[in-house]
Every structure is written in C-alpha cells, then in structure tokens.
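Look below for two forms of one protein chain, each set out as structure tokens: first structure 1, then structure 2.
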Structure 1
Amino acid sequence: MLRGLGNPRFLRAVLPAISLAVILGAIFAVNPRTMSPIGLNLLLQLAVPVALATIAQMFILAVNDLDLSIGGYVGLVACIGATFLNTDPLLGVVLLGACIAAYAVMGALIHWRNLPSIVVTLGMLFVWQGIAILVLPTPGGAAPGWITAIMGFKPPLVPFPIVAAVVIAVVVHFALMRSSYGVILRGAGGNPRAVARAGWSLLKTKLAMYALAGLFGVLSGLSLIGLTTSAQANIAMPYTLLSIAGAILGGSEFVGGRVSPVGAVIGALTLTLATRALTFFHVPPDWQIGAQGGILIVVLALRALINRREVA
C-alpha cells in the first residue's frame, strides 16, 4: 500500500484531485456555510459548461493539436441556441449540426495541408465570433425551456453540477480510454506511424476527434445559456484559456496523445472553484486570471518533479 502511494504514476494521477481538495478545503475554511449541497451548487454553478469545453479541448490535445477557437465557438453555439433553437428548433438543430461538421472539416484541413493548428484555430476564432455577432448583434435572446429545465434540475442530496461532472467524466473515460476505437483515436496522437501501419486512416481519426470536440462545444454552449438564460457573442471568450488550463491541469500533455477525461473534468472543477476562492479571499478581478495561472504553474511544477522521479 505504501509503495503504491509512492508510485510516480499514481502520484501523477491523483495530483488533480489533490489540487481540487486543497482549493475546496480553503473555501470551506474561509466560508463554512458553503459546506452544504446548496453552497456547493452555487460554487459549481458554471462548472458544467467549463467541463464540457475542457473535454472538447482534450480531444484536440489528444491528436497533438491546440484549439484557440473553442471560446468563440461556444459563444456562437450559445447565440444559435438563444435565437434559432428557440424560435425555429429544426433550423437551430441544422445550424448546430453544421457547426459540428465545420469543426470536423477544420481538423481535416489541418491534417491534409499539414497546417499549424494554432494558426488555423486562431483564424477560426474570428470566424466564429463574426458569425455569432451576425446571429445576435446585441446581447439578448432566450434559452429554450427544456435547456433551462435540465440545467435547473435539483437532484436530492448531491448538487447537479457534481452529478453532471461525474456523468461526463465516466462516459468520456469509457468511450475514449476503454473502447477499442478509443485506443485508435488516442494512438493517432501517441504513435501516428503505428496507427497508419495498422491500416487506420489518420485523416479519419482527426476528423473524428475534431467532430467530437465540436459536439462537446455544442453541449457547452447549450448548457451555458441554460444557466444564463440569454446569450451574447463574447459570452464564452474566457473558455479558450480555461479549457486549455483545465485539460493540462487534469493531466493532459501537449504532445504524445496523453490525456485524461476524468482529470480534465477535475481540472475544470478546480479552476471554477479557484475563481470562487479568489473572490472569497478578496482578490481583485484583474488579478484573478494571474492567480489561476499561478495555480496551474504550481501543479505543473509538481508534475515535473514527479516525472523526474519516475525517470530516475
């Protein structure tokens, strides 16, 4: 048992959970009233859309790419959801399907032309944002009732954000980490030559991963308007950095196809709680992003020490 606790691989796996527990403990110490289902529900109110956006980013990281457009994309989805999906559901569904298809095509273009994903996705950020402004020029719209009903669901004893986070983590973990096709998808980032030699198309795997990212981006945008009840073009711009930080905090790597769905969700919860904790500690909003970056740096430094120990 003690050997297992000292195992570098085990330490690396539990590091995201430890960071979450530390921040949660700090919040409880400062404000004990949050130590209740109602308090946790308020703390984690925005965790679900952040977790879904982080999973979307994780799919991109799994193929050794980086997505700088996810914030604009989620904002576009929110605008479509608060307008067309509310007034003309069929057209809204078609438009959301087109968004997912466009994401898949973006992945195919990156692979086919061997383009830097950072450059392409940065360009697409402005495309998503421009279309979002055309769809909803001014803040407004209204979330469909069924979305607000889902996001407002209150299960007994356990807050809904925790239930949703567990469901997201478990579903993606078994689909990506335990299925045979998930192994192939991750192999496209970890060892693409071996995947190609085995007869699998790297183009199709990248199409699939970008399509999955687009799907979870859609879920993120819809869940976001379910909480805010309205939308605007820039509503999810912080999600780009939050999704990258959450995925990396949760154990994902920039290269090698190493990702962790459970860790990504925990990373998203940690960053959501960190924002609340900084508010409790009266940290000015202008300093909160820097403080979140500091938390990420500390966790990455600890992970580097663990990796060095594993090599040694």
Structure 2
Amino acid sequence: MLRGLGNPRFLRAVLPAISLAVILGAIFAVNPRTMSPIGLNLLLQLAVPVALATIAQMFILAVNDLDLSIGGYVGLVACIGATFLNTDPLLGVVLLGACIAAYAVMGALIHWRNLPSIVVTLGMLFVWQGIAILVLPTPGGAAPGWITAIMGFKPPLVPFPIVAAVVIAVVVHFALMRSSYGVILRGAGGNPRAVARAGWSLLKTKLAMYALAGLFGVLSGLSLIGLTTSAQANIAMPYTLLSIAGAILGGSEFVGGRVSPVGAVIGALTLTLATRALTFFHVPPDWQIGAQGGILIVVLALRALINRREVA
C-alpha cells in the first residue's frame, strides 16, 4: 500500500486533485465563511462553463490538435443563446446545431488537407468573433429563463457547481475512457497509423472529436449566459488559454491520445479557484495576472518532478 502511494503514476494522477485541495484549503483558512454551500456556490459558479470548455479542448488535444478558437466559439454561442434562442427557440436550436456542424467540418478540413490545426482554428477564431459581433453588435441580450433556472438550481446539501462538475467528469470519463469507441477515438490521436490499419476511418474519428468539442463548446456558452444572464461578443476570449491550461494541468499531453476528462474538470476548477483565491489573499491587482501564471508554473513543475522520478 505504501509503495502504491509513492508510485509516480499514482502521484501524477492525484496531483491535480491535491493542487485543488491545497487552494481550497487556503481559501477556507483565510475566510472560513466560504466553507458553506452558498460560499462554495459563489466560489465555483464560473468553473462550470470553464470546465465544459476545457473538456471541449481536451477532445481536440486527444486527436493531437490544438484549438485556439474555443474562446471565440463559446462567445458566439453565448450571443446566439442570449438572442435567437430566447426570442425564437427553434431558430436558435438550428443555429447552435449549425455551429456544431461547422466544428465537425473544421475537423474534416484539417484532416482532409492535413492542415496545421493551430492555423485553421486561428482563422476560425476571427470567424466566430465576427459572426458574434453581427449577431450581437452591442453587449446585451437576455438568457432564456430555463437556462438561468438550471444554473440557479440549488440541490440540497451539495452546491450545484460541484454536482455539475462530477456529472461532466463522470459522463465524459465513461464515454471516452471506458467505451470501446472511446478507445478508437483516443487511439486516432495516439497512433493514427495503427488505428487506420485496423480498418477505422480517421476522418470519422476526427469528425466525431471535433463535433464533440463543438457540443461541449455550446454547453459551455449556454451555461455561461445562465450565470451572466446577458452576453457580449468577446465574453469568453480568455477561455482559449484557460482551457488549454486547464487540460494540461489536469494531465493531458500535447502528444495526442493522452487525456484525462476527470483531470481536465479538476484542472478547470483549480484555475477558477486560483483566480478567486488571489482576491482573498489580497494580491495587488497589478500582480493578479502574473500570479495565475505563477500557480500554473508551480503545479507543472511538480508534475515534472514526479515524471523525473518515474524515469529514474
């Protein structure tokens, strides 16, 4: 048992959870009043859309690509959600479906022409942003009542963000890590040639992964306006970097195939909490962005340390 605890693989798997616990503990120590369902709810609320965007990014990382457009995409979904989905639900649903389809097409294009995902998604970032400005030229709109109702739901005992995080993590974990097609999807990122030789269509896996990312991007945007109740075109711009950082923090790698849905959700929670923690610790505003970078560096340095032990 003790040997199991010192095992680098085990350590690496629990590192995201430990960093989350440390930050949460520090916040509780500084301000004990946060240790209540209401306090936790306020602390973690914004983690739900971030976690969904991080899962979306993780799907792309799994097929060895990188999505720089997710921030603009989530913003566009938020704009559609706060306008069409509210006034004309059917059109809203059709538009959101078109967004997911566009994501799948993006994946197909990347695969078909063997394009660098960084450039294609960079271009799409501008496209999403442009459409969002056309949909909602000035900040405003209103989230549909049912979305705000869902996001404002208060289950007994456990705060809603925690329930949501667990549900997201478990659903994606079983779909991607435990199902047989999930293995193929991840394999397409880890060893595309082997998957192709085994008779699977790489195009289909790429389509599936990008469509899934699009779906979770939609969920992220909708949950975001459920909290903010209105939208603006660049409401989610930081999500691009946040989602990459969250996924990597949660144990995903840039080499494809190596991802962890549970880790990604924990990574997103940790990042959201870290930004909240900075205000609790009275970090001067000048240094708040810097401290976020610092936290990321510390956690990743720890992971590197564990990895080195594994090699040794």
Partner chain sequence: MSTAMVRIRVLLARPWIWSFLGALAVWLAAELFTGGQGAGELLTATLSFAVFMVIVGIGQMFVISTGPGNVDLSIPATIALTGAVAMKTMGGADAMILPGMLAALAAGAFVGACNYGLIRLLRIPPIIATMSANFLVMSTAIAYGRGLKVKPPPLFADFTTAQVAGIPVLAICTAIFAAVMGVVLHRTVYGRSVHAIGQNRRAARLAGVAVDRTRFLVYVLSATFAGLCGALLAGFSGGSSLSAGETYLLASIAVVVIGGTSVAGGRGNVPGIWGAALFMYLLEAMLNTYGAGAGLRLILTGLIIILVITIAGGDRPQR
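On a predicted model such as this, the values are computed, not experimentally measured, just so you know. Structure 1 provides the reference sequence; residues are numbered from 1 along it. We call the rigid core whatever largest set of C-alpha positions still superposes within 1.5 Å between the two forms.
Between the two isolated copies of the chain, the form predicted in complex with its partner chain corresponds to structure 2. Shown in the overlay between the two structures, fitted on the rigid core, is a CA shift at A17 smaller than 2 Å. If you fit the rigid core between the two structures, you'll see the Cα of F254 move by less than 2 angstroms. Aligning the rigid core leaves the CA of P285 displaced by 4.0 Å between the two structures.
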